[in-house]
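Form predicted alone, single chain, as structure tokens, below.
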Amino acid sequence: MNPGLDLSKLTPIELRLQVEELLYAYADVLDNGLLDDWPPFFTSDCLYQIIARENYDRGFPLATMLCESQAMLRDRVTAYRQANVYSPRYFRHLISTVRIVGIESGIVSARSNFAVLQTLVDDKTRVFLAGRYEDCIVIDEGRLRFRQKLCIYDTLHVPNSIVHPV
């Protein structure tokens, strides 16, 4: 990221490219298992939710995963690494249709679609989850970060468990 990033000086295309770069870097970190690098994509007072589309559309607050700060994201990484027992697997994030849907008071609202593929080392690759991201992005310490990231999945059937960030 550019340390002197100024949203007011970016053209719409430059802004979209910056947001796309943030999303692709985010996916790259998750896909390569660099989970210690995941929390810094968020502001210290962030909101991260993985929530069913049905709940989101009806305004129900129940989320499959809810973290209300960067510190909670770090705890999530620790739990994933030390407390959870799971078969080895790989994830691949496919992100598309990135759109800037608003800019207000230094907050960029962006929407994109995602599909996460999961491969167990001894099984076929399967679609783990698909849906959309609703992101609020700000400049924090000279770089774009998520102030809010909602991962809204489309299905009513959640895979066995969602322990890995989406």
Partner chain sequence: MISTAPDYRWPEAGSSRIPYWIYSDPAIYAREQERLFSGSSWNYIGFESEIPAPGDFKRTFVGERSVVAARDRDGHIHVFLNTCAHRGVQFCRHSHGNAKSFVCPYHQWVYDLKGNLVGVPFRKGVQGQGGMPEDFDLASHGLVKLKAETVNGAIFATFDQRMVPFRDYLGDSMYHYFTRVFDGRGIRVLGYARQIIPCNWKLMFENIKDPYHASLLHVFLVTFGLFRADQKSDVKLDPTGRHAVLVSRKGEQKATEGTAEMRSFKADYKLEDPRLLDPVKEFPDDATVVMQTLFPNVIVQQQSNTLATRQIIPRGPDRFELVWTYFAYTTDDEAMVRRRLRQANLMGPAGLVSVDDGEVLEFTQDGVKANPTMNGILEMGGRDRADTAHMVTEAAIRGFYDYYREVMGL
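All values reported here derive from a predicted model rather than from experimental measurement. Residue numbers count along the first chain shown, from 1.
One more form of this protein, predicted together with its partner chain, exists but is not displayed; see below.
Novice: In the predicted complex, which of the listed residues (54, 134, 37, 31) lies with a heavy atom within 4.5 Å of its partner chain?
Specialist: Only one option qualifies, and that one is 54.
Novice: May I ask you to choose, among 65, 98, 107, 27, the residue with a heavy atom within 4.5 Å of its partner chain in the predicted complex?
Specialist: Checked against the cut-off, the match is 65.
Novice: Is the gap between residue 94 and its partner chain in the predicted complex 4.5 Å or less for some heavy atom pair?
Specialist: Result no; residue 94 lies far from its partner chain in the predicted complex.
Novice: Closest heavy atom of residue 58 to its partner chain in the predicted complex, within 4.5 Å or not?
Specialist: Answer yes; at least one heavy atom of residue 58 falls within 4.5 Å of its partner chain in the predicted complex.
Novice: Is residue 69 near its partner chain? Define near as a heavy atom within 4.5 Å, in the predicted complex.
Specialist: Yes.
Novice: Report yes if any heavy atom of residue 158 sits within 4.5 Å of a heavy atom of its partner chain in the predicted complex; otherwise report no.
Specialist: Yes - in the predicted complex, heavy atoms of residue 158 and its partner chain come within 4.5 Å of each other.
Novice: Quick one: which residues from 75-102 get a non-hydrogen atom within 4.5 Å of its partner chain in the predicted complex?
Specialist: 75, 76, 78, 79, 82, 83, 84, 85, 86, 87, 89 sit within 4.5 Å of the partner.
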